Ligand code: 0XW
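Given next, in structure tokens, is a single chain: the form predicted on its own.
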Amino acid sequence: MKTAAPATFRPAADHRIAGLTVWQVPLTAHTGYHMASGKSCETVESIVVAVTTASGLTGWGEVCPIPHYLPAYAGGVAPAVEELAPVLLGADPIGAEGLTARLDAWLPGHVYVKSALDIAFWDITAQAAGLPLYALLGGRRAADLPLYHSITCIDPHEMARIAREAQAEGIAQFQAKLGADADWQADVARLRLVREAVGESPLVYGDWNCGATSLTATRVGRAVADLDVMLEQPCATIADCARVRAATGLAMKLDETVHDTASLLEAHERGCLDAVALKLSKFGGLSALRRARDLCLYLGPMMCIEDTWGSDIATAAALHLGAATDPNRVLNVCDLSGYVAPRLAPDGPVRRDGRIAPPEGPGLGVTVDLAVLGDPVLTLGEGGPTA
């Protein structure tokens, strides 16, 4: 009996990294966006990274730190990429996690920098496979994903008006920012009026972004304990958030204090991990965020899969992971691009009826407009992206 001859081996294309390009692009929020402790998003610098291979593929990444928010700043990205260049240039990005681990060995920490690079590695890997990125992150589980609308911390009645407008566009989840004026009674009014404005069914939660003491957050929580609301990251430590959760009986979503496996486990053990914000730049990119997603599937919290701030590249990356996650465990995602101008990719994802879908093309599936990026702040190697 004859057997078929083995297929002739054909070497893969040369996808080694040939060039690195970094841009710094100001993103302006459509309205002033105010949070507790003086944090704000009005005009914020987003850093866009292009990783170009010898085969001609370009992988895109983005990171957009909010000032005074996390251990990250926009001006730190380009110098860190230059520091990492000896590891990056000539390396194979296919598979993403292997090269990202090498970056950790060369330059410990600086996860926000590695987030943009890791996203670009995944983009190249999926492009080389000819597949949309979600196919490599677990396979598509949902056609589209629910959005939340984040409401800046201003006058309570104005926040209620914004909530009604967003609800008319199909939004059914509302994050009310709290604490910008250090007036706990105003925060009570914000939660009450937003809840009243949108009715009983939608999800409403108040977010202090670490800007409250456990005492203040407990006073607010007890004053609205008769409402169906959730609290988000009132305090700067997991322990204090757990005390607020226990004192108020209100569900708790964590964000800033949960950024790796150890913090996820601590929050779970302290009983305050009802929901969690999984953000790309906080964990260090898609590789780390996928691992956090899988741990959360075991631990039990609902997940908001997003990034700190940004435009079409960061939005697309988060949506691919969100679409590859059990939809029963995805609380919501965020249309970062919808809050800012300019858009970085004319074919980037857009919200429809309160939901949003990942792009369909190979890799991230977005086409970045080089004219919008302007002149790069760093160029290393050869063969940068072309229009």
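Everything quoted here is computed from the prediction, not taken from an experiment. All residue numbers refer to positions in the sequence shown, first residue = 1.
Unshown form predicted together with the named molecule; subsequent notes refer to it.
Contact annotation: of the candidates His110, Arg290, Arg195, Lys177, the single residue with a non-hydrogen atom within 4.5 angstroms of the named molecule in the predicted bound form is Lys177. For the options Gln167, Ser214, Ser150, Thr257, the one in contact with the named molecule in the predicted bound form, meaning a heavy atom within 4.5 Å, is Ser150. Though the partner is left out of this view, Ile66 does reach within 4.5 Å of the named molecule in the predicted bound form, counting heavy atoms only. Proximity of Tyr134 to the named molecule in the predicted bound form: non-hydrogen atoms within 4.5 Å are absent; the residue sits far from the partner. Under a 4.5 angstroms non-hydrogen atom cutoff, the named molecule in the predicted bound form has Glu306 among its neighbouring residues. Among heavy atoms of Glu232, some come within 4.5 Å of the named molecule in the predicted bound form. Residue heavy atoms within 4.5 Å of the named molecule in the predicted bound form occur in exactly one stretch of 218-226, 201-209, 116-124, 260-268, and that stretch is 201-209. The candidate site formed by Leu145, Cys296 and His320 is entirely out of contact with the named molecule in the predicted bound form, as no residue has a non-hydrogen atom within 4.5 angstroms of it. Residues Tyr33, Met35 of 30-57 are found to place at least one heavy atom within 4.5 Å of the named molecule in the predicted bound form.
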